[in-house]
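Single chain ahead, written as structure tokens, the form predicted alone.
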């Protein structure tokens, strides 16, 4: 059994990520269960306000997972960043003592925190995705976008290369998509600047989207709910004010895998996008061509 920490976003604006994630793991035969009584980890701003409390928020969830004697799978890049950073920081005995008093739960014992990409790129899953895909995605040109948090965790060994990660590319290739090589896969989308400085966030998102267009992408694929929201919202925001180039759908990697494995809009929430889904994703979900498997 693997317990899953959804975090606040996958329970709200990232519901498409959550639904498609559960569907894909069920399709691949892996049982996952939501971490009981989980709470907000404090991403993305708690660490700028109070150091000990900022560690206590994710530490509470780590303590629950330790009590369950289970590994912890995390999908949101910001949550993953905070949980891994906290686990590393709690190696300091003085900090651990202070945080444990705040959490009022034991904070000892081994626990593996795994990014959803780390699990899906296990060789057995890559092989199953490739062998069990039922619908053709070969004509779909995909640019994989990681954002700046998933692989950049100071003093913590990551699951992928920092500046040139490849886990989503391997998954998209296993799904049968045409994976593009492009230079902005770890550029920052602005994160919470979309709330505090909208103009700057729109500029940062536009640079990423323009590069994806120049590289010929039909869609962007990400594993970060904040990145997905910002890039999707930026295109919708601009479309309200001026005519623009055709929007590029920004979807989650689990939605892409779900498409290849036979899922439709109901299972994967493909029509939940603000921009671009109507001319790329929805028709693809309705008229997916069966994969011709050579015997």
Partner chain sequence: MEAEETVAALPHNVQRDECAAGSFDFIKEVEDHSGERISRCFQCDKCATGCPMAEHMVYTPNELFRLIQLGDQAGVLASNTFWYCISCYTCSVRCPNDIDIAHVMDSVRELALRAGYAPALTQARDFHRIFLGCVRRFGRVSELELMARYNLHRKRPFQRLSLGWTLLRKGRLEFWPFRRRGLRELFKRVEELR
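If you're wondering where the values come from, they're calculated on a predicted model, not measured in any experiment. Positions refer to the first chain, counted from 1.
Keep in mind that the form predicted in complex with the partner chain is missing from the display, and what follows is about it.
Contact label in the model of the complex: residue 28 to the partner chain, heavy atom within 4.5 Å: Looking in the model of the complex, residue contacts with the partner chain do not include residue 28, since no heavy atom lies within 4.5 Å.
Residue 152: touches the partner chain in the model of the complex, heavy atom cutoff 4.5 angstroms: Heavy-atom contact with the partner chain at 4.5 Å: present for residue 152.
Close approach of residue 162 to the partner chain in the model of the complex, 4.5 Å, heavy atom: Yes, residue 162 is a contact residue.
Touches the partner chain in the model of the complex: residue 18 (any heavy atom, 4.5 Å): No - in the model of the complex, heavy atoms of residue 18 and the partner chain never come within 4.5 Å of each other.
Location of the partner chain contact in the model of the complex, chosen stretch of 212 to 220, 126 to 134, 144 to 152, 172 to 180 [non-hydrogen atom, 4.5 Å]: Looking at the other structure, the answer is 144 to 152.
9, 52 and 56 all contacting the partner chain in the model of the complex, non-hydrogen atom within 4.5 Å: Per the other structure, all of 9, 52 and 56 touch the partner chain.
Within 166 to 195, the residues that have a heavy atom no more than 4.5 Å from the partner chain in the model of the complex: Sequence-ordered list: 188, 190, 192, 193, 194, 195.
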